[in-house]
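The form predicted alone is given below as one chain in structure tokens.
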């Protein structure tokens, strides 16, 4: 693939964390050590789902100091395109799979005097590796504020509260508990950084509150992998390779390009990194921009598209690919 390098792995453990989340542990099939990574990194898991090739990014939750294996946690999405369902329903210990080398788009800023983590639901996973990294370095001045729907769906909440009782607060939606954002944003030491991972609404709420309170942009960090939205099928001409491809209703433009045997660069496959940004040569129709990489002006120009998550509705589209 044209993204990060591949690693051949074997699934050595599958654990049901709760009714929605399963944990998967991978070791290299050649018995070697995994590549190094830092807290907040993700890997792209490749799946062959009854002939459909799926590549989904998942945050690494294991310790960066342990290179013997990688661990991810996956929330089942019954309304999604099928990647999480494939992992939950078909992946068992002993299976061989392919994952990518780790990529970090959500790393800790180690110049920060303090780190404040805001997590919602399965958005807890990147913080697990970040907390382990800070703990191993013995310089981790952090606090975690973790919002969950119910106690039973609070993945790893009990473990975090047990190991870091003075650093972790958990808030339960079913008990009408909410993160006291305004209070938390006040009086923090100069040099504190904020990190957010969770549902889009939560990310926007935290970042908006911090900006209104005068926090500098360089102290705000967030991660949100967007799943490609389904939509009407459409055809695309690839000018460089001379191919015309058909993008199916449940297929992303990036997946269709790859299925045609054309290499396209990527790192996150979730509209966040900018790696797959593609120039539009000609178009007659409307773009459906689902990324959060391009600016509003770039969206309006019709000159660029992020094929990992965005679509097109119209008569003709020609891309520089």
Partner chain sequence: MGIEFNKETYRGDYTFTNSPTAIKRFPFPFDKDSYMYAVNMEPHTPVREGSVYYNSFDVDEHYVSEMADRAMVLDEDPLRCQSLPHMELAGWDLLELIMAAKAKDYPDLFKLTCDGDKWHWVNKPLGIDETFTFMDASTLPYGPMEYITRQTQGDFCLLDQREENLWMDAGMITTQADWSLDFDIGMNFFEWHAPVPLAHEKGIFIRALKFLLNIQQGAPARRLNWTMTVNPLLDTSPENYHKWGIQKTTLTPENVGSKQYLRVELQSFFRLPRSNGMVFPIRCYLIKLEDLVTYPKWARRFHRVIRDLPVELATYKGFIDNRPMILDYLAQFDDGAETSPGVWPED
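Remember, predicted model here, so these are calculated numbers, not experimental data. Residue numbers count along the first chain shown, from 1.
Quick note: we don't show the form predicted together with its partner chain, though the next part is all about it.
Only one of 105 to 113, 144 to 152, 90 to 98, 195 to 203 places residue heavy atoms within 4.5 angstroms of its partner chain in the predicted bound form, namely 105 to 113.
Within 4.5 Å of its partner chain in the predicted bound form, a heavy atom is found for every one of 36, 275 and 293.
Within this chain, residue 53 is remote from the site of its partner chain in the predicted bound form, having no heavy atom within 4.5 Å. Within this chain, residue 282 is remote from the site of its partner chain in the predicted bound form, having no heavy atom within 4.5 Å.
Looking at residue 133, you'd find a heavy atom of it within 4.5 angstroms of its partner chain in the predicted bound form.
In the predicted bound form, its partner chain lies within 4.5 Å of some heavy atom of residue 267. Residue 218 is the only one in 198 to 228 with at least one heavy atom within 4.5 Å of its partner chain in the predicted bound form.
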